[in-house]
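The chain below stands alone, shown as structure tokens; this is the form predicted alone.
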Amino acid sequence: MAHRLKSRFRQSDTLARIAGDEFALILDHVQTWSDADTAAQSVLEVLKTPFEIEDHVIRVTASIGISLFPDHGNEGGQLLQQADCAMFAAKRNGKNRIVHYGDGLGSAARERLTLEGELRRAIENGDIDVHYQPEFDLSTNTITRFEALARWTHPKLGRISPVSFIPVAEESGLIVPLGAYVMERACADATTWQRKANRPIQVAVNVSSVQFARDTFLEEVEEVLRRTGLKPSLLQLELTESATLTGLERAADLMRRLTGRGIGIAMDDFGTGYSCLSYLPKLAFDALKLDRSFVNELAVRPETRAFVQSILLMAHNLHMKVIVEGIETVEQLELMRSLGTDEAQGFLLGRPTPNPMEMLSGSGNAARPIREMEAVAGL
């Protein structure tokens, strides 16, 4: 590809390969958009001839984004970023096309595409952090596992909320490499915990519907466990309802194979979607994670209490534990304990941290037994 492009352009032009399949081309003395379009068409033309690799005929297309200096108030340093933004727009609009960076993209679209490009590079460069939030067993008042959560601090944009970048990852397909990266990091870190804490502690990893739908998902999980040395029983996968409902028979079979290897599976955000309770007995869930919205509603909607009690009864009859999310006050903790919830998670018990060993060693508030925290609160 590089040799073909070099043959088409002048020595005064700059051609660089900047990522796995990404090239940048800087052209001097371009006067108009038409000149840039001619150069872009030349790139598409040079790709029409198939590549022959080891007796295979490979046909390649390109998505091309163009930014023109000094249009749109850009500076020299923004030129590549804006071209990158336009390139992602070309990819999202069907590929094998040319898109200009301009007002037509809309500011929101440009911001979103820019974020997608920056996120792609952050994943490739290993710039995503993984923080861990504890989950407590309410019968023993001890930490049972840590949930792995992706965190991203951009060198220029600062801390970017998961509420902003996770939807971009899901829409762009970046959720697959992001999810694989977080799982690898979490399993490697969890292997270290076992040695230091001298007791088994699970790590919970969120799995997107896109990841779960991959034919190679089971093999990918097994390979991560093999590389990191983590016991399967110390990994819990968190799935949403949508991940299992798109193909119930396949999901049921895959979940049986995962649990057959000792891997735990929890349903995340239970009760927030259009739940179909009839499928629950068919799926090998170990636990249901009750969404934080139920905790907030318990104090203002009496009927929510009866609903939560029904969920607990159903889950326990199906031999599933119930984990409640979003515990922020001692009152909420005591109420969920009185209803029979098995485990709890929330800011009261511990915020996400890059160093969970502090909690296990007792140096942080979240490491205190829950009843000690109740005494601190004056109950």
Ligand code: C2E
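These figures come from a predicted structure and were not determined experimentally. When you see a residue number, it is the position in the sequence shown, counting from 1.
Just so it is clear, the following notes concern the form predicted in complex with this ligand, a form of the same protein that is not shown.
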{"item": "Among 220-228, 207-215, 251-259, 192-200, the region lying within 4.5 Å of this ligand in the predicted complex by heavy atom distance", "value": "207-215"}
{"item": "Non-hydrogen atom within 4.5 angstroms of this ligand in the predicted complex for each of Arg151, Ile166 and Asp268", "value": "yes"}
{"item": "Contact flag, Glu238 vs this ligand in the predicted complex, heavy atom cut 4.5 Å", "value": "yes"}
{"item": "4.5 angstroms heavy atom contact with this ligand in the predicted complex for Gly346", "value": "yes"}
{"item": "Contact label in the predicted complex: Lys91 to this ligand, heavy atom within 4.5 Å", "value": "no"}
{"item": "Any non-hydrogen atom of Asp342 within 4.5 angstroms of this ligand in the predicted complex", "value": "no"}
{"item": "Heavy atom within 4.5 Å of this ligand in the predicted complex - the one residue of Ser293, Ser233, Ser161, Asn96 that qualifies", "value": "Ser161"}
{"item": "Heavy atom within 4.5 Å of this ligand in the predicted complex - the one residue of Ile175, Ile123, Ala86, Leu115 that qualifies", "value": "Ile175"}
{"item": "Sequence-ordered residues of 313-337 touching this ligand in the predicted complex, heavy atom within 4.5 Å", "value": "Glu325, Gly326, Ile327, Glu328"}
